[in-house]
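Single chain ahead, by itself, as structure tokens, in the form predicted alone.
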């Protein structure tokens, strides 16, 4: 189906989308490989700017996602694109997976830090040395949360890549306005 839609997401939804995508990508790139090993070797995470930035950006992603979910509940209706039923189903599944991961990634990071008694280090010198509510919880002992966090970090990038590839397919092949709906309007002279 190549019916073109002129419907667009509102400006706030577009900003939330693109800012989140950029921050998640930067946080992924800065993701400290071997973080647990460094901590077990006695390295203070506050001495590694990549760790401080990664943890700070992770909290920003969580806050942006919470604000974005609030906005989704309040905003004007999202554009409804004309597409095949299987594409609509795949799109919904992909979006649910992305939303779940955007919430789960910061949660698993906090579980990893708390369960292993590692500090949370943030920009501006903010530091939380212990997360006792997490460390003492039953949930903390259910998994190696650092491994879960790493897996979800990799998975969110793969799924976001699939999301981007689908948007490009809609734009280049189907020419149906799906990608354009999330881009700012071009100014006309």
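Numbering follows the first chain given and starts at 1. Computed from a predicted model, the values in this text were never measured in an experiment.
Another form exists, predicted together with protoporphyrin IX containing FE; not displayed. Remarks below refer to it.
For residue 150, a non-hydrogen atom is located within 4.5 Å of protoporphyrin IX containing FE in the model of the complex, even though that partner is not displayed.
A residue is said to contact a partner when one of its heavy atoms sits within 4.5 Å of a partner heavy atom; residue 59 meets this definition for protoporphyrin IX containing FE in the model of the complex. Taking the partner from elsewhere, residue 33 is found to have a heavy atom lying within 4.5 Å of protoporphyrin IX containing FE in the model of the complex. For the chain shown alone, residue 21 is a contact residue for protoporphyrin IX containing FE in the model of the complex, at least one non-hydrogen atom being within 4.5 angstroms.
The partner is absent here, but in the model of the complex a heavy atom of 164, alone among 139, 128, 164, 63, sits within 4.5 Å of protoporphyrin IX containing FE. Here is the short version: of 46, 160, 38, 135, the single residue with a heavy atom within 4.5 Å of protoporphyrin IX containing FE in the model of the complex is 160. Residues of 91 to 113 that come within 4.5 Å of protoporphyrin IX containing FE in the model of the complex, judged by any heavy atom, are 91, 95, 98, 99, 102, 105, 106, 109, 110, 113 in sequence order.
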